[in-house]
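Shown here is one chain on its own, the form predicted on its own, set out as structure tokens.
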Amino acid sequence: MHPNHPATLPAVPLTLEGFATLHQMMRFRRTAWRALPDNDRREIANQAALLLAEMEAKSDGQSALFSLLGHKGDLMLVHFRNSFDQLNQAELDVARLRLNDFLEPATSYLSVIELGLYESTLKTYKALADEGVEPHSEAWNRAIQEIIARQKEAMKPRLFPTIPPNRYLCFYPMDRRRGEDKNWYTLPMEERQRQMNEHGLVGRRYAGEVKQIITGSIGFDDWEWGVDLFADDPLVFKKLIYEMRFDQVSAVYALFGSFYIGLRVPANRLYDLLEGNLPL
């Protein structure tokens, strides 16, 4: 690197953004539900199932329902959409259902699918600096936008994916540490890139067993990123996350929020789920 680069190059890596994403965790008021006549329960469930089936089948951003394990909630809806406006409409559509009278929000998480470009960021910044292009100048910004546009086109399947059909979902939010002694955001970009590459190597070893979708939430929610892991064997979540704990970026800088584990429930089995019979 040119000796003047470290003082002049931007510290922020480039990112690509895709679907806007909303996780809705809810509690189900079973006592009130059981007090209804069976015909009413079926009618309410059928109305909700029709909406969910329509959301599942969308080609430009789907929704999926999961049955949560543990005390943190009973149901989780995951929505992928092209914009926050469409996410809000999905929320409103669910709120209009009669079933919503039996649902209480437990928590939620708002984010956007994100791909970090540490490696290409470093190459791009250094190349532009070598050409004498001033950071944040008109020429610099134009070159950056051209690179982002090319990368976004190439990465479309990862930025705008279908929701994986696997049986299990593990969702959790996370931060990078900003403590007195260890602060991720003060590391040089080259060091952050090295650690993230090492971190990614662990995940790639599980590529055939788990599908990972990373979402960015800085400025949108209380944590900095959200992580969705999809697999047919939930033990993979434990093994993958445990192994990642030992790489430097996790061991030194990672902070984790609450974990949510859910089982996928198709729309046509919603009534069974509400009645306490988890679809197989």
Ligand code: 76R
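Each residue number is its position in the shown sequence, starting from 1. Nothing here was measured: the structure is a model prediction, and the numbers come from that model.
There is another form of this protein, the form predicted in complex with the ligand, and it is not shown here; the text below is about that form.
Enquirer: Although the ligand is absent from this view, report whether D93 comes within 4.5 Å of it in the model of the complex, heavy atoms only.
Expert: Contact check for D93: no, nothing within 4.5 Å of the ligand in the model of the complex.
Enquirer: Do V227 and the ligand share at least one heavy atom pair within 4.5 Å in the model of the complex?
Expert: Judged by the heavy-atom cut-off of 4.5 Å, V227 is in contact with the ligand in the model of the complex.
Enquirer: Give a yes or no for R177: in the model of the complex, does one of its heavy atoms lie within 4.5 Å of a heavy atom belonging to the ligand?
Expert: No - in the model of the complex, heavy atoms of R177 and the ligand never come within 4.5 Å of each other.
Enquirer: Flag Y172 as yes or no: does it have a non-hydrogen atom within 4.5 angstroms of any non-hydrogen atom of the ligand in the model of the complex?
Expert: Answer yes; at least one heavy atom of Y172 falls within 4.5 Å of the ligand in the model of the complex.
Enquirer: Since exactly one of A231, L240, V252, L51 fits, which has a heavy atom within 4.5 Å of the ligand in the model of the complex?
Expert: If I apply the 4.5 Å criterion carefully, the residue I get is L240.
Enquirer: Ok, R98, R150, R167, R158: which has a heavy atom sitting within 4.5 Å of the ligand in the model of the complex?
Expert: Only one option qualifies, and that one is R158.
Enquirer: Using heavy atoms only and a 4.5 Å cut-off, decide whether all three of G116, R204 and I214 touch the ligand in the model of the complex.
Expert: Yes: each residue has a heavy atom within 4.5 Å of the partner.
Enquirer: For the chain shown here without its partner, which stretch in 129-137, 196-204, 98-106, 69-77 has non-hydrogen atoms within 4.5 angstroms of the ligand in the model of the complex?
Expert: Stretch 196-204 is the one.
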